[in-house]
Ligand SMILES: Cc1cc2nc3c(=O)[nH]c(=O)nc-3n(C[C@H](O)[C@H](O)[C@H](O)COP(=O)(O)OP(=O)(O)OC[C@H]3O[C@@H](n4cnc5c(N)ncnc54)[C@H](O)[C@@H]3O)c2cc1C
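What follows is a single chain, given as structure tokens, in the form predicted alone.
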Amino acid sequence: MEFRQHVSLAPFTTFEIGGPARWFVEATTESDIEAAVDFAKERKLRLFVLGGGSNVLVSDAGFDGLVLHIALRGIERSAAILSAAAGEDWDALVSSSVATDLAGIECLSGIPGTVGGTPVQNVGAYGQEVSRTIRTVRAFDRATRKWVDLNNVACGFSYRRSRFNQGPDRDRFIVSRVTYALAQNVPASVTYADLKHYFKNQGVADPCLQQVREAVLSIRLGKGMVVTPDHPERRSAGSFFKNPVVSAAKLPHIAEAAKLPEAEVPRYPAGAEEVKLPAAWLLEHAGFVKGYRQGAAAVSTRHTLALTNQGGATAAEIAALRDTIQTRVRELFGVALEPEPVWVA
């Protein structure tokens, strides 16, 4: 375990953007995590935990503290229970689960990042959320300096949120391992409209897990949401804004602002008198169409919700485009858009 200084963070992020970390260390064991926490505490350094770098935007100035890169490896299986170390590649885990006929995360194919980030963000896509399968999360509690195994309820999951990224316990826990309870001999999940449309066009009535995985990857690739080395718009963090949940009473105003009948405003039930709106729809109707560009920062040409580094973009340029979008959507629709990527500065 080596503590290094002035390490560029750009290569560790999918945006390929970011200044240096004052201190940087990679943890391959749980003991390494404890040692890193001690190192930061002794020197009164801020500590940032970095996984796959797929959900962060690092400032051009970098991070004036210790960046702890989680690189723990190891996967264990017992029947339909999968236990994976936080540094394992997420999509590789999905691929292996599908190959062994374990259902529950097949629709989460193609999402970049590592296992440790899945409970933090409560990763979800195409009708599935990882919280539905998580049994326990093993983590180091920085407040008590003890290792804990938190059950599903204790993780406080909600839409794109968890105890790990919201509220008073945010940044308190460092995830080292996640255990998933999957299912054997059950049908694949095909509830999302895009998937239903895909299989209807393919003439497939009862797709297997592998077919669903391939369909999700195909759809995501078409939207530029699969990170590949040769993709011209690979430098992004995927969906940049969360789908906002608003009062249903706001729908008439939103429809009027979009110059559409209220019935044509897409929405999904989200609780008592609330609806979830597609953030991509809001962006498009606010004028931020595919390919919209400010300097080297742009809206993806394939998916409205992805902000991209077109090559040489700075964090400041991505942040400026983010702010422009948020301001316009708020002024036009009265809706506050919340970014998904964590701002690291």
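Here the structure is a predicted model, which means the values were calculated and not measured. The first residue of the shown sequence is 1; numbering continues from there.
There is another form of this protein, the form predicted together with the ligand, and it is not shown here; the text below is about that form.
Although the ligand is omitted here, in the predicted bound form none of A27, V67 and D149 has a heavy atom within 4.5 Å of it. With the partner omitted here, the stretch from 309-317, 285-293, 42-50, 272-280 that lies within 4.5 Å of the ligand by heavy atoms in the predicted bound form is 42-50. Contact annotation: of the candidates P112, G156, P244, P207, the single residue with a non-hydrogen atom within 4.5 angstroms of the ligand in the predicted bound form is P112. Listed residues I174, V212, I105, A84 were compared with the ligand in the predicted bound form; I174 is the one with a heavy atom within 4.5 Å. In the predicted bound form, none of the heavy atoms of V94 sits within 4.5 Å of a heavy atom of the ligand.
Although the partner is absent here, T179 lies well away from the ligand in the predicted bound form, with no heavy atom inside 4.5 Å. Mapping the unseen interface onto this chain, A237 counts among the residues with a heavy atom inside 4.5 Å of the ligand in the predicted bound form. For the chain shown alone, S54 is a contact residue for the ligand in the predicted bound form, at least one non-hydrogen atom being within 4.5 angstroms. Residues G113, T114, G116, G117, T118, V120, Q121, V123, G124, A125 are the ones in 113-128 with at least one heavy atom within 4.5 Å of the ligand in the predicted bound form, listed in sequence order.
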